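In structure tokens, one chain follows: the form predicted on its own.
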Amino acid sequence: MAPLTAGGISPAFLKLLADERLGGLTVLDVGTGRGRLALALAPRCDRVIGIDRDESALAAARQAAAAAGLRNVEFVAVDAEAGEYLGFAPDVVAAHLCMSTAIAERAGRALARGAPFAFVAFHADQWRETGRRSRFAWSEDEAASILAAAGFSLEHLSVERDVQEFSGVEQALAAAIGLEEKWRADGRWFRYIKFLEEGGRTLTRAHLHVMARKT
């Protein structure tokens, strides 16, 4: 079978899923957005259901599925942290950069013993230069603890980290320009500027890759 690929999704995470036998299974893609992961997985499994609360993103995902001729993909408007997953009868739950304790708990309630739960989450070091962690960010110990409480055993946990280093302030600002509006809204931008004024010249991106199995 051809390598599993999807634009913007880590090849290391995709390999975790590619190593699973997905044929004949139903995969629930939590926080699917525009459906990149769901569309990549569709040729490998019986059915993929992508859930998200963003209706505009789901509309784009449906268009992409239709354009690709994929008939085994469905996109449903559901708040991944409020709705339950049991009704979708998933054999596998996967998520890319949409992860929280509430999602882990729902995956634990929906999956049968031995079923896989694979995800990418922000690591605690993500954008550490702003001095503020995302509520979706986990450390390795936090991930292990939350998963154990939700009824999972860890099979794989790794960190993918990229630390950009800049020669000057202008270069550092240019690297974060796409984040400015969001960071201004939540106060991170001013903390990042302070970090640069004090001589800092880095910007960290860090993701946690996990494969867990229901016990």
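One-based numbering along the sequence shown. Predicted model only: the values in this text are computed from it and were never measured.
This next part talks about the form predicted in complex with a small molecule, which is not shown.
> Between A137, L111, A143, L97, only one gets a heavy atom within 4.5 angstroms of the small molecule in the predicted complex; which residue is that?
Residue within 4.5 Å of the partner: L97.
> From the list E105, E74, D125, E81, which entry has a heavy atom within 4.5 Å of the small molecule in the predicted complex?
Partner contact (heavy atom, 4.5 Å) among the options: E81.
> Which single stretch, out of 42-50, 28-36, 60-68, 162-170, brings residue heavy atoms within 4.5 Å of the small molecule in the predicted complex?
Of the stretches listed, the one contacting the partner is 28-36.
> Does E155 reach the small molecule in the predicted complex, with heavy atoms at most 4.5 Å apart?
It does not: once the small molecule is placed as it appears in the predicted complex, E155 has no heavy atom within 4.5 Å of it.
> If we define contact as a non-hydrogen atom of the residue within 4.5 angstroms of the partner, is D54 a contact of the small molecule in the predicted complex?
Looking in the predicted complex, residue contacts with the small molecule include D54, since a heavy atom lies within 4.5 Å.
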